[in-house]
Structure formats: structure tokens, C-alpha cells
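Next up: just one chain, as C-alpha cells, the form predicted alone.
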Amino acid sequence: MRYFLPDSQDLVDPSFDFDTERRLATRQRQRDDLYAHEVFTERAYDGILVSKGIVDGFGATTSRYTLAQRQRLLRTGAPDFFRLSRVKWGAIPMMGDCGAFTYVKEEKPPYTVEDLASFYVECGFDYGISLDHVILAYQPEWDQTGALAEMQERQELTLSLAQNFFDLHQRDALPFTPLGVAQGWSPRSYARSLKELQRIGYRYVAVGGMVPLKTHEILATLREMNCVRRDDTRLHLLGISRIETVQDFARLGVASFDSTAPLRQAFKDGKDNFYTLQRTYTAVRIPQVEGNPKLQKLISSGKLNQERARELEKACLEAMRRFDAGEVKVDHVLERLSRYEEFYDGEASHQDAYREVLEVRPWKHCPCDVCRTLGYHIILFRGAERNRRRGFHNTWVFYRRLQRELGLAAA
């Protein structure tokens, strides 16, 4: 089973100095910053998924690409844009999709089948997912009572677009492998979509709209789909990363999936920020006085004193440095962290979680390139350069957990 990392232009600046927190003035983001596949010497994912909605932006979802980046992606193609020729792991296939979540509130997709196919060809993707319209309603009882007209229309539209996409692909002999998209509101309705997509000719089918579903609902849907799935049809799960059930997924025909969860948990989750092969840990929060919007707002409103905030922040950073060097004990660090946390958020307390992670020091035992290079900075919840690198680390660990669950050794 292959894991595709969805692209959101997550890069790190190799010139960033973690002691002074400054970067080279001559740094140019696209030229100098590094993708995860340029940071790790060992494989951290099997492929990259790029969404047209992320590249172009739509509605409230702003593009993650500058105009110059969009033009260069289309001009040079994705393999050159992502500098894949430098990667030592071996091949990294590229998969494209329309980014249906960016226009989920619209009545119809804002693109045509021709728009999407042209995007895939210009980017040089290896796989292209057909145009779809997400159904965000899991209601198995609708199989008896009848689904809402809007949901039925979305399913019919998705299947109709899949037919057009497949016909265009065949007629013009487009140079990528096409995937149809199955949408539904119940196991039975998803199975119907799969059956129709196979009739059209698809042998690789992406399953969409499952992100909000619970694991038992996903498995129930895959079991129903498996009843109509041809032996030579493979499935791709869009946005799903339930690693505890990957063997069940594999038995039900899932050949690949994509998810940003390991990367995003590094800085979006309230507690599970740092992955190990056995468990997760909470990262140590030391907000930047000059760069944290919430802290800056409290200072600007006069609720917090800026100089005092700087003193407490500096004391925490110094305590972490000395702790990692073996000069002070855990209690010394916790006392500094507690004083700062009480200052900027009197209602929060991470002391138990911090004691746990500081006593174990999991970054000391991690062999990934990020931990070996960054040291204790990886556990600090502080600014994009540290947080994103922790996301890279999580992705690397996640890939190894996946290989372990599948009984494979990570390359």
C-alpha cells in the first residue's frame, strides 16, 4: 500500500539559525527552501498528491502558490518543480486531483473535465483523478427512505464527469493513469458508484467524502464495495490515514491513500505533536513574543507586559538548552515553562505532558535526519521552521509505522 503526501507547499529554510532565529538575507524561498524529500536521506512517503484547488485557490481557500510558482509548475512540470531528480530514494510518482473540498459549497465544480485534464498533462502527473463533487453526508438509512435530491445529483454528476474524463483520456491517449471517483452516502451507494466506474473502464478508483467518517463506517463501506469490486480494480482513499486498520484496508482492495495528518498534527493538534514508533508526545510550547499573533494581541491591548514576556521566553529557551546539555534537571525546566505559561495563559497547564516528554527525551533516540540535525529544537512548539520540521519528522515516522503494520521494511 502506497502513501501519498498531499502538497501544501510545506518547505523549510536550511539557512535558518535556531539559536539566533534569523535567516540569510539572500534566501529565496522557492530556490533555497527544501521539501521533505530533499531533507530525508531515506524514504518518507511513496508519492506526492497535488490538488488543482490548492494550486489555483478557490473562494475562501487561497492558493498556496504564488503566481510565479503556478506559472513555473505548469511550464516545467511537477517533477522539475519539486526537484524530484535530486531524490535518492528512487521514484516518487505524482498524483493530481481537483481539490473538491475547495468548492464543496458550490452547486457545481468550477472546472471542466478539459480544464482538469489539461492541468494534469501540463504538470506531468503520473496519475490523474477525475472531476468530482463531494458528498458530505453519511446516512445509510437513505437507502430505504431515499437520499436528498442534492446528494443524488452530486453522485450522478460525479459519475457523468468520470465518464467524460475517461472518454477524453482514451480519445487523446493522455499520458497519465486515470482514476474515477466514488462518492456516496452509504455503503450501498458507494458500491453503486464503484460498479458504474468499473463499467466505464476504470481499474483504479479514488474513494472520496470519507474524511469525516468513523473507522467502522469506512470499513463497512469498503466491505460493501468489495462485493462488487473486480479483482483487478485498486482503490485509493482520499484523505484517510487510519494506520491501525491498514491491513483490513489492504484486504479490501485499498492500494494507496493520502493524508496530511502526520504533518499537521505537529502544530495543529492539542497534544499529539511528536510521533515515535510506539506513541505520540506533546511538544513544549514556548511562544515567540515577536511572532505569536495571540501573544502579540495581548501585548498590544495592554493585558501583558512585553518586556516581562521577553524575560520569561528567554528563560525557557535557556532552560531547554541547558537541559539538553545535561546542565539542569527536568524540574528546573518545568518551573520556567510553568511561569511563562501562567503569564500568557493562566488557564492552561501542560506540566504533566511536559514532564513526560522531557523525562523520555524521545528526540535523542530518533534516527531521522531532522532529529539528528535539529536536536531538542524539534520538540519546541515555536514558529514555522521548528513546527514544520517536526511535521516532516512525523511523516518519516508515520511511513515506518505503515511499513511495520504491512510487514514491510522501510526503504
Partner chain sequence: MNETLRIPAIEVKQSERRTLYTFAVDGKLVHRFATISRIRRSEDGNLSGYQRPEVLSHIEEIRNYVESESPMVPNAVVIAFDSRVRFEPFAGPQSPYSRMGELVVPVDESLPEERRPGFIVDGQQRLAAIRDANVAQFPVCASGFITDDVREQTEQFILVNSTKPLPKGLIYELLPNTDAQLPSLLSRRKLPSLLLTRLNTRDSSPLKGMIQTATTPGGIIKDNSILKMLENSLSDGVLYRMNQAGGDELEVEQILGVLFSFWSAVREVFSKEWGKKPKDSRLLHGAGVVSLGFLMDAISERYRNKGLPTKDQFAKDLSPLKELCRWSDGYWDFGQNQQRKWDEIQNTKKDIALLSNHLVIQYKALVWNRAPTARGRQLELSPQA
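Treat the numbers as computed from the prediction; the structure is a model and nothing was measured. Residue numbers count along the first chain shown, from 1.
From this point on, the text means the form predicted together with its partner chain, which you will not see here.
- For the marked spot (28, 74 and 118), a heavy atom within 4.5 Å of its partner chain in the model of the complex is present in each of the three residues.
- Contact annotation: of the candidates 278, 247, 215, 301, the single residue with a non-hydrogen atom within 4.5 angstroms of its partner chain in the model of the complex is 301.
- Among the residues 269, 156, 143, 290, the one placing a heavy atom within 4.5 Å of its partner chain in the model of the complex is 290.
- Although the partner is absent here, residue 70 lies within 4.5 Å of its partner chain in the model of the complex, judged by heavy atoms.
- Contact between residue 124 and its partner chain in the model of the complex is found at the 4.5 Å heavy atom cutoff.
- The shortest heavy atom separation between residue 108 and its partner chain in the model of the complex exceeds 4.5 Å.
- Taking the partner from the other structure, its partner chain in the model of the complex has a heavy atom within 4.5 Å of a heavy atom of residue 174.
- Only one of 304-312, 270-278, 203-211, 323-331 places residue heavy atoms within 4.5 angstroms of its partner chain in the model of the complex, namely 304-312.
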